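A single chain, nothing else alongside it, follows as structure tokens in the form predicted alone.
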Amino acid sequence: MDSLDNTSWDVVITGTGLPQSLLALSLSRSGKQILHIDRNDYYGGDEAALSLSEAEQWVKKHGGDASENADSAYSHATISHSEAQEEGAKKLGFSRAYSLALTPHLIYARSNLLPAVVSSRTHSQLEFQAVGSWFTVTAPPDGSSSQSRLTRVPSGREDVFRDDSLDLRAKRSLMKFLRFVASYDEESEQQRMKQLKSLPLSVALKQHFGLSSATAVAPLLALALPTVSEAETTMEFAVPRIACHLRSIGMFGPGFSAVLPKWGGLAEIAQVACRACAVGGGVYVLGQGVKNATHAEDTGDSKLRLELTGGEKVLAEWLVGCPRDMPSTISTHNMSRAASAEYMTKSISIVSSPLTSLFPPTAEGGVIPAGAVVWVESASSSSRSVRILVHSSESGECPASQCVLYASLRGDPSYLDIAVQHLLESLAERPKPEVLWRMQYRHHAEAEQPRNTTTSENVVTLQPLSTDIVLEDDVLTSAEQAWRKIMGDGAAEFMKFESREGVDEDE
């Protein structure tokens, strides 16, 4: 298509992030005329995966203060190289050898996304790999000459009773709590959960389960992965998270609860979804966003007249996107960073070692995982800890002799580097692993703030991903709600497709 000017579409989707791409996939066999655009010159939106050269360009765009680029989820981006890299002692690979995810996520085996990927027949184009072990890192006290300590989180009853760091009484109390977690949402435990939900996890463990050992609290926090401090982590947050982890173990293989998509995380799922929509007739254009949207009064129906950032004007029955991708003339939500300081500081570190000790087999005879989760404990219960996702080269994100650390913290950004160093120190590898390359940035949460503009029934706003590292079921739920609104009554089952006759689903 030479030009989009004066074309008419059933659905215009703006942005190629995961929420928009899942909607595009769900509409791929609807027979509707779909235009899917993105103001960026790459796929994936906020969930994009970048090579080294693409990361350098990305930092130039997102290196300033948040107010300088209010439509972006990112700010304060910087890149640094280690002295070892500059001296040439240890080398980075070539740019395209890396596929670094801006928003890496844990996808638990019980996530609603995975059955949808299978029923939509796109799973054959994706490769999911196990996220195996969870670890905690305990930093030495200030002034101590001892080094940081790495501890593997028990993954089952047998591991708990083999753990030498807990006495027998603590082990029994921990098993009592885990039995409660396993049935917290059943009728027999609902009243008890209602009474406990507002208590901090550490307080409930001590007062109601007889578990006062700080050694036992850290592994549970590692499974819950809160973004707040230990003192602020409530039972209402922690128990469902821990239950999701435990209930997911063994669904796809022994000894692991979560998976990661190879070759760049969620960006790979988004691209596969977009390809499926293109096979169904969808038209894709990068480097184009929606600048303006008004009702097309002269069409005699409810269509929208959209002005694209390239100047072309198109008509659309529906306009769909996440809030940041929507034009200011549509009533939706806007990011107000002046009103909300909610952001996560994140870093991506390329390390000179494969860190193989973090990737033991998931079980006897099990697979070698490509991911691990590390919880770097904070100095006090009122401080926030650092979560680190560790991806090996088997994730397709770096060369074979290296690995990638994705660290995140809601708090002092200087502690990210300290936490990474505590992890590397705790491994006691020789030679000591070095951070060859590091990118740090702020990932801003979406603050809901209505714009003082007109509303429209044929504009659908999708829920963006949160800044958290655990993929939420709400993302697919939002896409399904948009699909049902567009398709209307009598729509077929969401994301359930039959095999296309004469079409190889693996292509």
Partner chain sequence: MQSHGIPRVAATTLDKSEQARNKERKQIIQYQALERDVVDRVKAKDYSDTTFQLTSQLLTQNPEYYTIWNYRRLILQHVFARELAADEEPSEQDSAAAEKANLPPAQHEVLLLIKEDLQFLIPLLKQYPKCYWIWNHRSWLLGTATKHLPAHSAVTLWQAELGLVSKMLGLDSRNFHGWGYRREVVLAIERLNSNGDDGEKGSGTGNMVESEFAYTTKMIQSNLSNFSAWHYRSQLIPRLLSSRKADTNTRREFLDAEFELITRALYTDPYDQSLWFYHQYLMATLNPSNAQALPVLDPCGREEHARYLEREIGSVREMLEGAEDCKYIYQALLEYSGLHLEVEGEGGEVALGEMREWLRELRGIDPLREGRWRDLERKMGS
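Positions refer to the first chain, counted from 1. As the structure is a prediction and not an experimental result, all values here were calculated from the model.
If you look for the form predicted together with its partner chain, you will not find it shown, but the lines that follow are about it.
- The stretch from 171-179, 95-103, 71-79, 419-427 that comes within 4.5 Å of its partner chain in the predicted complex, counting heavy atoms only, is 171-179.
- Contact with its partner chain in the predicted complex, judged by any heavy atom within 4.5 Å, is made by just one of 161, 284, 263, 252: 161.
- 157 is the sole member of 157, 149, 313, 384 with a non-hydrogen atom within 4.5 Å of its partner chain in the predicted complex.
- Contact check for residue 364: a non-hydrogen atom falls within 4.5 Å of its partner chain in the predicted complex.
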